[in-house]
Ligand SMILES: O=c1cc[nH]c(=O)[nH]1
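Just one chain follows, in the form predicted on its own, and it is written as C-alpha cells.
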C-alpha cells in the first residue's frame, strides 16, 4: 500500500484542518461541513495527479487543442454518514464520477470498549476495471474501512483503489497495511498521534458525523 501524506508541505489545507479541530469554530456545523468539503477538493486534486490519462483532441472556436483526460472512469464511494461532506468535495472535482454509498458502524455488545463493525447498507455502481475512491474522514482503528472494502472487493475488482481520509492514526494505517489489497493507495490529510483507550483519535477532532450533521441517539 502506497501512502500519501498531503499536509507535509504548508498549504491552505493546514488552515482548514486547524479550523475543523478548533472547539470554538467546529460548533458551527455548516462551517465544519464546508471545511471538510474544501479538504475533499484539495485531496481530489492531489489524487488526480496520480491517475492514468489519455490523449484527446478538443475542438475550440479557433482550432484543435491536443490535451489529456482521465483514462478510466472514477467511482466515488463514501461511508455513511460522516463521509458525505468529504464526498461532496471529491464530487466537485470528479464531476463525471459515479457514486456509491455504504454504511458501517461500531456495534458495542455491552456498552463497553469492545466492538465489531457492521456493514448493512450498500448502494454502489459497478467499479470493475475503474478507479475506486473510498472516502471516510477518520481512520481510527481501520476496521470500518477494511470491512467495507472486503464487502465491495469480494464482488468486483477495480483497477486501482484509493482510500481518502482526513485524519489517520499510526494504528489504523498499520491495520490497513496488513489487510488491504496491494493495489491500494492511502491519502491522508493529517496524521495524528495515537488512539486512546476507547479507540478514539488523539488529538483528533471529535465525532465527525455528529459535528457535521448533529448528535445521534
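This one's a predicted model, so the numbers in the text were calculated from it and none came from an experiment. Numbering follows the first chain given and starts at 1.
Only in words, not in the display: the form predicted in complex with the named molecule, which the text now covers.
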Q. Residues in which of 136 to 144, 86 to 94, 121 to 129, 67 to 75 have heavy atoms within 4.5 Å of the named molecule in the model of the complex?
A. 136 to 144
Q) Do residue 20 and the named molecule share at least one heavy atom pair within 4.5 Å in the model of the complex? A) no
Q: May I ask you to check whether residue 207 falls inside a 4.5 Å heavy atom distance of the named molecule in the model of the complex?
A: yes
Q: Note that the named molecule is not shown here; using its position in the model of the complex, name the residues of 166 to 204 with a heavy atom within 4.5 Å of it, in sequence order.
A: 199, 200, 201
